[in-house]
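This document starts with one chain, in the form predicted on its own, laid out as structure tokens.
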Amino acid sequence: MGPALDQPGKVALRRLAPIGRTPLAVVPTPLLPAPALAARLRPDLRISIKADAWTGFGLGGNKVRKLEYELDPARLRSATELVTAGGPHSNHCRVTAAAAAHLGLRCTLVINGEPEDPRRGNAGLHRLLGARIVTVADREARALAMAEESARIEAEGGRALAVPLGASTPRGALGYVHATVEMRTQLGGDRRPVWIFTAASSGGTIAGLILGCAILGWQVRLVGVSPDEPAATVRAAATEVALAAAGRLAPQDGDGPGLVDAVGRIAAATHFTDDFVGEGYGIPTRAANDAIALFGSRAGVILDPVYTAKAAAAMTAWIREGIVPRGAHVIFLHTGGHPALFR
């Protein structure tokens, strides 16, 4: 893991300690050096991969850390069913269905659209994990359908716990405060300037990184790479979640305004890009396919074509174009999603 946690890290964990969570993730995930990848891209850089594809539960990924907080034991009391939504190959739906099975609960997934083959990829895993699938026409119909399913469950004598899309909530973002503390600790005495690249869509993961950096006072360049939404939309969502999450933590130590202000400053300085979306969500690009091949052959790391490949495409482009400065330590936060390779 590296050296003992420094004082800011201890403070961060002390703030998080009273907040309920259901442990699911295998953590800390490793910070993997990628010297062959660095040699191929730019030898003056150090490149590492934060392997959150290895959080383990339900085939891992970033949703596991966030779902731990959404499934606060206090919120689970008397719950009989989890209800959430996503696309036909949603990673979030996969992990939510796995959590329901693990906890002995039923699960309803509101899915926009039908997969080409429901036996493959995450679509097959949704069914393998025992989820009930409700299909709606498009993304806009998901929220209403979730409310209707929750009402149905209540009318039948059950109690539904609705999990918002991607678990990208102020509560869910707290999982990525833990990840930020892990990375800071794993870096040890490395004093290089740090750049962290991650996929960013619903905003919860990067919101947690923003909050974690604010708590630690860690000067990092964060880059959120959208696989679907306009960059301005992702920025607004991530900033809103990060500020609300800061409000959950700050009152315990009486420094609410200071932490909230720090979060606002870091959110404003965070880079968001939609330059790598291509033709749309889930549609591979040439740059993304090249990134999959590069990370596989030079780091032994499996990316997915929906999220992480587009984030890796951005990282490699920024490195090659000289946007990342000489001597930096570049961390690629691998948020998982590899079942999408098999859809």
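Counting begins at 1, following the sequence as shown. As the structure is a computational prediction, the values presented were derived from the model and not from experiment.
Separately, the form predicted together with a small molecule exists; it is not shown, and the next lines address it.
The shortest heavy atom separation between Lys66 and the small molecule in the model of the complex is within 4.5 Å. Although the partner is absent from this view, Gly203 contacts the small molecule in the model of the complex, with a non-hydrogen atom inside 4.5 angstroms. Residue contact with the small molecule in the model of the complex: Ser168 places a heavy atom within 4.5 Å of it. Within 4.5 Å of any heavy atom of the small molecule in the model of the complex lies no heavy atom of Leu109. With respect to the small molecule in the model of the complex, the three residues Ala199, Tyr307 and Thr335 uniformly fall within 4.5 angstroms at the level of their nearest heavy atom. Across the options 37-45, 283-291, 23-31, 55-63, residues that bring heavy atoms within 4.5 Å of the small molecule in the model of the complex belong to 55-63.
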